[in-house]
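Structure 1 and structure 2 below are two forms of the same protein chain, each written out on its own as structure tokens.
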Structure 1
């Protein structure tokens, strides 16, 4: 999901007081929440910083593909909704960086990691939003997938992260509906509009399935994260939930999911899907998606162009406190 890259590296074992670790795990098992100043295993802290920061990066990088359509939104109603939505994503990034900061990782340090290419974010935002229908597809599918992952995170064992996620989920509730409404309008529109919607679905469907991360068997981090109640459902379970929810929605729209192998399994009551191209996923995570370089470049440009502004605010604040002291 937004933190899919977590699955790639097991945490280093830290030498810590065994009693403390046991008491810590007992608290987690009892569904207690861990707060910022509480004792926690170093690996728990590190895992959380990685997960929360990847999530935060995904939000602010996620502003870019949709942001590129704000100035071209085809009606004033859509323009206002899209601007509000992309603004929400910025807000979500902000809440999440703040949650990471409770674990002593400053926003500046995390953003530096992002701009230097040392941090990861969701692979999905490395795909281009080339038509207006992509704005519909992103809202419907990407936000739909995100919400599947984010709702369980509202019960994450780490209090500040869980609280940030509650706020995020509350605000996100309009995002998916906004996207679905765009798709619906296109599907009820002209032939060209419906073709635009189908084309967007064709391009976004598989990358959306990849958002949930590698299959459970290949995911090394999941066990520990599950024990710590940072993660509550497996990648495959969430992916299945998403597919099951989306198939009837696509049908309602009169669109075809680009997977000939898609079939309903009456025995399990679930939809089974075709093979996901995990090589593509790995390439995109490794920096070779269609937009990886553009995304980082856009973040760097915003950061560098804003440097003198932040310096001005800091200089003014310093002068003000000197004046007040005098």
Structure 2
């Protein structure tokens, strides 16, 4: 009798898991928010940890190209604004690591994955910022593309992630306006300054289109993430929205997008763009971009140099805990 009961347990557990999964999907379909203490499929949890951690890593690594320009910004006003932006990006990373921790993901383990090359971050941050105009292009284009990606995440089915994104998106919209204002100042300046802005646009345009990820047919996770309402739009749909929004902005600045195939399709009301070099995208993801190694080395060095801060914080927390216990 006991042996028979043991044999029946896996089957009973499978039926229970199937029932839970069905109820879980019904909640998703009803636009109900999933919270940290709710039952969720393990695959849903893993998908969220992967996406949220990559997002957090991108915010942290994304500070590096801009942080390098704080001391070289052309005025005190520009320095203060850029410093505030970099501080915002650091805060975004902290919000997102905290959201990942609600899914039982250790922040230390996530950071180890990044520094050991086992975790990815946005491919865009593996390109260098070589001139001040690059800071404008990053704000205008990179943060503009980020907003396209992130606004739908405010309606993500996982509550802690969705709520974190509300503040992130508000601050990213400021960053995008800051970048556009830098580009507009350059375009209204000297011939050399406008040429610098055009050069930055030429170098950042295609990597920004790659930011949205591979085309829908080659995307590994989109279908399931959409079914779970982690994602609301496909990669190609978001990319199209970005192109449609950015073309008139470039025209307003008097800049030319570096795409001879760019054309307006009156039938669809959308701008069509040329073929993206997906081989370059794959090379950057594989660690062979212009700055991949530099970015990870800088992150490792910062982590090692900050060891004393973490040790001091842990000692202070332990002392506070002892006092409360006493």
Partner chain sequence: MAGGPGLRRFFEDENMATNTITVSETPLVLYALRRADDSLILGHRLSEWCGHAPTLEEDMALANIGLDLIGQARSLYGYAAEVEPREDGRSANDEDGYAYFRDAGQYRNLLLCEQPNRDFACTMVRQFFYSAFTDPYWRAMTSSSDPTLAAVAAKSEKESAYHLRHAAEWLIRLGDGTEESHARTQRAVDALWSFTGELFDADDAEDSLVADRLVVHPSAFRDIWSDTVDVGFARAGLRRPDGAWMQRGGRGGRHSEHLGPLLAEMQHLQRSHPGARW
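What you are looking at is a predicted structure, and each value in this text was computed from that prediction instead of being measured. Just so we're on the same page, rigid core means the largest C-alpha set that superposes within 1.5 Å between forms. Residue numbers count along the first chain shown, from 1.
- Each of the two structures shows the same chain on its own, and it is structure 1 that derives from the form predicted together with its partner chain.
- Residue 302: CA moves less than 2 Å between the two structures after rigid-core fitting.
- Comparing between the two structures on a rigid core frame, one finds that residue 312 has its C-alpha moved by 3.3 Å.
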